[in-house]
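Form predicted alone, single chain, as C-alpha cells, below.
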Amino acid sequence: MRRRILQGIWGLIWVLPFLLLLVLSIGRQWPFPALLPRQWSLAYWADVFARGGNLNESLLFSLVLSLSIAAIATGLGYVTSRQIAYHPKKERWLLLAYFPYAMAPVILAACLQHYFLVLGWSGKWSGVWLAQLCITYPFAVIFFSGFWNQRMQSMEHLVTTLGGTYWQAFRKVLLPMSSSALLVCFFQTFLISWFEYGLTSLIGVGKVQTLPVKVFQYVQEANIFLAALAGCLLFLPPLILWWMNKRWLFRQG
C-alpha cells in the first residue's frame, strides 16, 4: 500500500507540469488567485492546424530539421565510428568527438558565428542545420564508439572467410545486429536537435523560428497561453518517441 502511494505521488509529480501546460494552452483570463481559468477555448490549437497559423510553420520546420539531422548524424556517426574503432590511433580520433562538448552550446555557437557570417549561412535554415550537425554528429560517433567491439569484428571476418563481400557483411550481418542501436541513436540525436535553443538562436539570429525559439519568444512577450501551447507541441514528439521506445525496443530486448 505504501509503495502504491509513493508511486502515485511520483507519477503526479511528473504529470502535473504537462497538465498545467495543457490547461494554460486552452485557458483564457486566469487572474490570481483563481484556481482555474475563467474561460476555455481551443482557438490557439485550431490555429496550429490552420494554414498560415503562427505555430504550424514552426512545428513543421522543427520536425523536418530534427528528422533530417537525426538521420544524417546517425548514418555518419555509424560509419565514422567504425573507421575510428579499427584505426591504430582511435583514442586520438575519438577525443576529437568530445571537443564540441567541452563548452556550452551557446559558447560554441559564438565561436562558430564568425565563420557562418563570412560564408553567408547566418540567419538561414542551412546554417542552423549545419550548426546542429556539428553537435549531433560527434554525439553519434561517441554513441557508437563502444559498439564496434571484438565480437563485431569477428562477425565481419567470418562472413569474408565464408566468401562473402564487405557489402554483404554490412547489409546482412552488421545492420540487422545494430538495428536497435541505430534506432536509439536516431531518437537521441532527434531530441538533441529538437530541444536545441542556444545554438539555433545565435546562428539563426532570430530568423529561424524553431519551436524552442518560439517558446522563449512568447515567454519574453509575457504571452503565457501561446508559450504553453508551444510547450505542449514541444513535448509531443518526445512522448511519442518514448512510447515507441517502450513498445518496440524493450519488447525486442
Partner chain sequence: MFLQIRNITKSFGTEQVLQDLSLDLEARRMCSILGRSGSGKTTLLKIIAGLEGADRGSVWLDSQPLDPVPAHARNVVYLYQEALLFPHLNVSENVAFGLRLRREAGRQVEKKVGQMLEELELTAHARKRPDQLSGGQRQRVAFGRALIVQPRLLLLDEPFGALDTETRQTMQSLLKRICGEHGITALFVTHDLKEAIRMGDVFGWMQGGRLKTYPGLDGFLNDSETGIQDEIAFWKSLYDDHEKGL
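Since the structure is predicted, the reported quantities are computational estimates derived from the model, not experimental observations. Numbering follows the first chain given and starts at 1.
One more form of this protein exists, namely the form predicted in complex with its partner chain; it is left out here, but the text below deals with it.
Asks: With the partner removed from view, which of 120-128, 151-159, 99-107, 136-144 is the stretch that lies within 4.5 Å of its partner chain in the model of the complex, judged by heavy atom distances?
Replies: Among the listed stretches, the partner-contacting one is 151-159.
Asks: Taking Q29, P33 and Q39 as the candidate spot, are all three within 4.5 angstroms of its partner chain in the model of the complex by heavy atoms?
Replies: Heavy-atom distance to its partner chain in the model of the complex: none of the three under 4.5 Å.
Asks: I need to confirm a contact call. Of L95, C111, L76, M177, which residue comes within 4.5 Å of its partner chain in the model of the complex, counting heavy atoms only?
Replies: Selected option: M177.
Asks: Tell me, out of L183, A85, I72, V173, which residue has a non-hydrogen atom within 4.5 angstroms of its partner chain in the model of the complex.
Replies: The residue in contact is V173.
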